[in-house]
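Given as structure tokens, the chain that follows is alone and in the form predicted on its own.
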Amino acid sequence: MRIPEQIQRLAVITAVIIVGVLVARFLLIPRSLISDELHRASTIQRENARPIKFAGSSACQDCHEDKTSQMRKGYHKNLSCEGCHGPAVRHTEDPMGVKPPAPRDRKFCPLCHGYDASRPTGFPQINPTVHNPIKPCITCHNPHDPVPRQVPQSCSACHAQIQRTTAVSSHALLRCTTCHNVPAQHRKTPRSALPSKPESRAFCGSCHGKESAQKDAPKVDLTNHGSTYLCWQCHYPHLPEGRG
């Protein structure tokens, strides 16, 4: 049986392409462009040729034991000194002549602590516009042990975003402690002593149940409203008018 002319042409074109690729691969393209060994060796050579800029935290510790000891006990214990102060090799070579920079304005700390909804719950975050405006962060926080010099007296000091949301809701006049039991230790080490959260439908029902004596609160029949869902699975407590 004779092979159709179209198939013959396709086979010839395919063979030409394959031969072209093989020729280019092994004869025309320099080995330096395709060899993993040469790439790895040239990369190592290039990186080794670069001047060393970072001294490493152990070098900082040799002269600044008081600061590094303070950091090891605080929330910044996992940060490198040079993460805030920049490359320090030249400083180690000439300590008096070359001083590393020390961030002292409000632009640096918010790179990590400015409010970002994608950051983990519990990570310290602020809105730089309203959180002690104008003042440098180091006015209240020692960067080597970043806890407030004075214990916050109000929840809004750390939870400003929630406070601003609640302020425009029907829960604006409620104190945070109406719904949360807050241990005294929470003000000093927030993540080690967390406030409680209501864990039953009956809690919201004390104001919003149809039998409640709270006159101004919207009322629902808890026996059929929302089935068995917890109230905050549909209503965000800090802005209960919205739906979650």
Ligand code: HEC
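This structure is a prediction, so every number in the text was calculated from the model and none was measured. We number the residues from 1 along the sequence you see.
One more form of this protein should be noted, the form predicted together with heme C (HEC), which is absent from this view; the next part is about it.
Heme C (HEC) is not drawn, but in the predicted complex it has a heavy atom within 4.5 Å of Q214. Although the partner is absent here, Y75 lies within 4.5 Å of heme C (HEC) in the predicted complex, judged by heavy atoms. Taking non-hydrogen atoms only, Q45 never approaches heme C (HEC) to within 4.5 angstroms in the predicted complex. The shortest heavy atom separation between C63 and heme C (HEC) in the predicted complex is within 4.5 Å. Here is the short version: of L194, I52, I34, A41, the single residue with a heavy atom within 4.5 Å of heme C (HEC) in the predicted complex is L194. Of the residues in 73-90, those that come within 4.5 Å of heme C (HEC) in the predicted complex through at least one heavy atom are, in sequence order, Y75, H76, L79, S80, C81, E82, C84, H85, A88.
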